[in-house]
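Here you'll find one protein chain in two forms, each presented separately as structure tokens under the names structure 1 and structure 2.
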Structure 1
Amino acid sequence: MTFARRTILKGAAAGLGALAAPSILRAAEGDTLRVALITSLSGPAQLYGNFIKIGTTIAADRINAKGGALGKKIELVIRDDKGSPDGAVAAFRELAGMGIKLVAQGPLTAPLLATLPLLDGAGASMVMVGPSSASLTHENFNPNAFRLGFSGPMAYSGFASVMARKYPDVTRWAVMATETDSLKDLARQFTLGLKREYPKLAGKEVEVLDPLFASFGAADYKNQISSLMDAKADGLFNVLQGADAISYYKQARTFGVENKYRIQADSGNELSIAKALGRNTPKEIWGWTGWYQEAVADNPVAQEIYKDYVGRTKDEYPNWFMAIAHDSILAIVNAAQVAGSTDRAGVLPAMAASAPLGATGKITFRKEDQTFVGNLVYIKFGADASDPKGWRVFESVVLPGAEFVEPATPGKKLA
């Protein structure tokens, strides 16, 4: 009797498969409560995915320290969507195959749009971690998913309101933006907000100049900066993000943009600007952020999570995705605990009805479209030679998100 190598390999593979199968079955009904996280651990959103990963890990550890949920310890099963819809779908199918019913996914919109239609067939409930696209709770609304993040209209209406309150005399605004649809939309939302909030709060009409655009990933912004120096405006809204924004601020400093404009508003880079630029951070920037620990100093959960984060990473300035990710796991596990099972027939109503205290405050969703209506946070920061870092946060403003959230139109595009 002879054995071909291929025959032996086939036999070994079959044997291993047979051995593995019971463990997969056990996993679905095992000693732990499995919660899935699908996020970007590679690709363009890896930086944010890393913050999400650590936030969810902190949440799972905190829940486990208190005894877990449904009588079991939480086990996070983390998969990388690679920043792509295909990667997200592959990850979701694998996790669904493992019998996992509680899913957290974010922050990118495109991978979410790919997996949302799969929730129904998998019998899963989802919390969307941090996406800002309005479409997720409007024309692409899915009753099996809750958005724990800030829609663009909500965040930038609130931002405009802060500007109108703090700088009622700054009525001419210039806009610097990357020429991508999503960022152009942020500029539009901020502009709409200015035109609504200034008459209401400052009693003045506001003029917003045509935006100046740069390519995504551009190396040079000096032509646009030169135009900004000639613009007849005293407020400047920056809608460049990530490395583009840092490069822009570096080049703008040479021209003295910070001296020309009374105030610069930044769309979403928050403290990554100051962390990169140090003492060369502009004198004053207002920025939107989803969470800032000192703005919620009276929230004990926020403070505990912040300490936990700093202890793990030695980084004193976490990105807001860390806190949102923590709250996402807390919200969905709490809902399962309230419902008494991971069955979505119980989890979804429990998500809508309960409001556990998280890092962002009471985690509440609007019933009609299941979008988060928590607090909005804005911070003013800038260069400070007296600080060893070369910069510091000067003040923060917290606004109730429910006052700025756009109208609910689940299943229909926002007008």
Structure 2
Amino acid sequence: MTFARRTILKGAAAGLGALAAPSILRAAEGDTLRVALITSLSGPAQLYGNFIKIGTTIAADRINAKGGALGKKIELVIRDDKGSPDGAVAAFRELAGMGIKLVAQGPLTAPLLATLPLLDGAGASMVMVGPSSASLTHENFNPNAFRLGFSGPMAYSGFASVMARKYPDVTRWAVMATETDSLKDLARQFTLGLKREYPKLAGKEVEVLDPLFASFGAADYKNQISSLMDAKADGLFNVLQGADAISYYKQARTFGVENKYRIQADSGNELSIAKALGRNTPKEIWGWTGWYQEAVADNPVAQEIYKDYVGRTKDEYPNWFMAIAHDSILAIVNAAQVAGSTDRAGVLPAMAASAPLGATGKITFRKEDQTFVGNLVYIKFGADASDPKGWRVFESVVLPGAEFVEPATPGKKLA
């Protein structure tokens, strides 16, 4: 990594935005710049993987419409990690064998932890698409990878702040989570946030009950739901994700969970819940989301890719992973363009120094641990009989991520 920062910044000014100029539309027929995407296209996280796939596809098409990068058209090479570390390693080895140096992977933490150690030997650069586990930029920090997503401590501290502001009287909380290290950590971060934010914002102490756990990919949540119905709490934080979460909400409705709790907070499924449940959506849920198009109405890139997404899918409510995935491809391809090659010695410092405008705003990374620090978005949605869909979004809150991001400790576990 010998690029001087001044050199990189000068190059960044001539990044992908400049490729709209006809004089440098120099892609040769049949000549492509291959970029790998490893994501979950099967298993419980398929819901997110599908959004990631279309977000990266939109990004590649937009870049190609402006002439591509390095004089070539972008070719996405997509592989399914099957939601497992073994699947991710097999995909990565295949892609590395093809000579691909630019890799986007996410959103699951365990598959990422399996492939990060392989980057050095493959000479590859990676952008991690949307993972929230703190360990990825702390004790498992890898200098060859950037996180384009929101760390759990940042996202869930902000979430706790919203709850303390909106529901100052809800001071007893229950937690339901999948029993994986990464999701247990999100539950812990939300709990820490509640205990920090309620005294500060509501002037009250808060009690958080011991979490209830379910196995990853579980089909039956009746035992946990029964315990939730008996719990002495007014607020409920759900840390089930993907298909697991949808199964849970469908079952929870039959027990009347939505009537027991004054507020339910969801860890990241946001409108996927409403789209799956329709008129059976709970009456009120607050959801963490990395992006919501109506909350970034002044960002032209966000509005353009939203229209592109709707035009392709006829779906008016993309999950936030679509936007993050778009920005992941934009960031790593822009870095290659700035560096003038896919060589890691140039791509990594170019990633650190560039700031292309994406759907989430200007894409920048904290120098110390290469983690993204963008605005945090939270939305409240729920059932609405007057809406043809049977549900609607009631409000959104945007908070500056910089106020909630944890200290950088690359190589060391966050205390």
Partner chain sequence: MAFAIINGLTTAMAVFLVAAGLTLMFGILRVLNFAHGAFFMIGAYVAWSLLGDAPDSLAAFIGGALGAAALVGALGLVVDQLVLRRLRHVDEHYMLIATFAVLLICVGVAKMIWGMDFHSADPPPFLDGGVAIAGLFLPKFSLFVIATGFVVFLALEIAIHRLWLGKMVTALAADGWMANLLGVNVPLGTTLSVVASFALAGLAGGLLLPNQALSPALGDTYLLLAFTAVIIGGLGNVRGAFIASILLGMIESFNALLLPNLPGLAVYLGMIAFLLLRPNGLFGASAS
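Not measured: the values here are computed from a predicted model. All residue numbers here follow the sequence of structure 1, with the first residue given the number 1. If you superpose the two forms and keep the largest set of C-alpha atoms that fall within 1.5 Å, you have the rigid core.
Working note: structure 1 is the copy from the form predicted in complex with its partner chain; the remaining copy is not.
Once both forms are fitted on their rigid core, the CA atom of residue 182 lies 2 Å or more apart between the two structures. Superposition on the rigid core between the two structures places the CA atom of residue 267 2 Å or more away from its counterpart. Relative to the superposed core, residue 226 undergoes a Cα shift of 2 Å or more between the two structures. Relative to the superposed core, residue 212 has its Cα moved 5.6 Å between the two structures. Aligning the rigid core leaves the CA of residue 286 displaced by 2.4 Å between the two structures.
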